[in-house]
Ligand SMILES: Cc1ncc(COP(=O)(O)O)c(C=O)c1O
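Single chain ahead, written as structure tokens, the form predicted on its own.
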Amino acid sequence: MKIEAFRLERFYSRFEFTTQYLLCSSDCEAMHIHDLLSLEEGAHVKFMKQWLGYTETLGSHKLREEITKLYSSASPAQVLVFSGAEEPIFLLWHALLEAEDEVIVQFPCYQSAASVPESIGCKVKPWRARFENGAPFFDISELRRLISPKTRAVYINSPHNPTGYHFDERQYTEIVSLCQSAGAVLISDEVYRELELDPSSRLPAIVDVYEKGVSIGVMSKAYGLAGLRIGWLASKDDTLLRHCAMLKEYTTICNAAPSEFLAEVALRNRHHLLNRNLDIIRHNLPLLNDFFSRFPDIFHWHCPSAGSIGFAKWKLDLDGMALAEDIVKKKNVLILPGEVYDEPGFFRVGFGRRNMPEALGRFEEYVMEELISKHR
């Protein structure tokens, strides 16, 4: 198998842990183990008694029970737990696909959604975002043109990384209908689900509304617990789940017992985590909106209605990679250039962390000192 280098992860490996301020983080605010355990009486004592042996390949039954509370119809037997969200994406594609299969993927995307099928020898058909004055949207008529009886699977992500776009109910229903007509599996990356600013815009999990739907979730994004490395998929296709479990025996085999315990605690208290992170987002978004409104000659910005990331567009003709490195050097702030998504001229902004205002302040200093003065 030959697979393309993961551009986003290569970029982050250079800068993520050496740059003071990350203005591009895709996840929400993390917490210490002590703070998580304090959410539940007796959790600290139980954690200290956690047995450090092997765990079940499928994930502990208790953890899978907690995960099913995110859905209206899935049972613990229909959930498989993995290390983060990357592992289920990787193994799901290998369980589903053979060379020459066709898949449709929203673009821009988390690269493994496209690069893994390509490495298998599949034809990946991009469903590309369109932009009007910087505002992203996905045209359902374009998906209608792309999909056919040859389509093995469609991969969607809403709220969307990196654009922040969120489907409405009508669009979502039509996507399901198109997949049903084609007999295609519909994979829904739901890692930002429950971070809707208006809860009424929350879409049902795909596993609850489509017999060939696969929901992917993770503790990293909406819940802010990336260090647990716990993700999952939910599906009502028993054969697919068995195949994924078999493949997992060639990768991680099982999950870390402490992580599974902590993920259980977090999910039992997920509304506390979600409310905390939504408070951070609601505090940060007006600051971003104000910032971009003050530089209309430099940026296009569309404020997302869900999730913790957005996609800003430069109005200047700039080398995004070189600019990002210069900002790190001069202000110790990291932005994520659109080049890692094959979208030059854009950059990803993250607003789910508490120190975003400080990061934004330093970024503004750079804009004033290096862009405003030099482009007058």
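All values derive from a computational prediction rather than experimental measurement. For every residue, the number given is its place in the sequence shown, counted from 1.
As for the form predicted together with this ligand, it is not shown, yet the points below apply to it.
Participant: With the partner left out here, if you bring back this ligand in the model of the complex, are I89, N157 and K221 all within 4.5 Å of it by some heavy atom?
Facilitator: Verified in the model of the complex; spot residues all in contact, yes.
Participant: Can you tell me whether P76 touches this ligand? I mean in the model of the complex, with a 4.5 angstroms heavy atom cut-off.
Facilitator: Close contact is absent here: in the model of the complex, P76 is far from this ligand, nothing within 4.5 Å, heavy atoms only.
Participant: Determine whether any heavy atom of V191 comes within 4.5 Å of a heavy atom of this ligand in the model of the complex, and answer yes or no.
Facilitator: Close contact exists here: in the model of the complex, V191 approaches this ligand to within 4.5 Å, heavy atoms only.
Participant: Find out whether any non-hydrogen atom of P204 is located within 4.5 angstroms of this ligand in the model of the complex, and reply yes or no.
Facilitator: Result no; P204 lies far from this ligand in the model of the complex.
Participant: Is there a heavy atom of S215 lying 4.5 Å or less from a heavy atom of this ligand in the model of the complex?
Facilitator: S215: no contact with this ligand in the model of the complex.
Participant: Name the single residue among Y110, F261, F167, W93 that comes within 4.5 Å of this ligand in the model of the complex, judging by heavy atoms.
Facilitator: After the contact test, the surviving option is Y110.
Participant: What is the one choice in A266, I104, A184, A85 with a heavy atom within 4.5 Å of this ligand in the model of the complex?
Facilitator: So the residue touching this ligand in the model of the complex, by this definition, is A85.
Participant: Determine which one of 235 to 243, 191 to 199, 272 to 280, 207 to 215 lies within 4.5 Å of this ligand in the model of the complex, judging by heavy atom distances; exactly one does.
Facilitator: Stretch with heavy atoms near the partner: 191 to 199.
Participant: Pick out the residues of 23 to 52 whose heavy atoms come within 4.5 Å of this ligand in the model of the complex.
Facilitator: Residue within 4.5 Å: S26, and no other.
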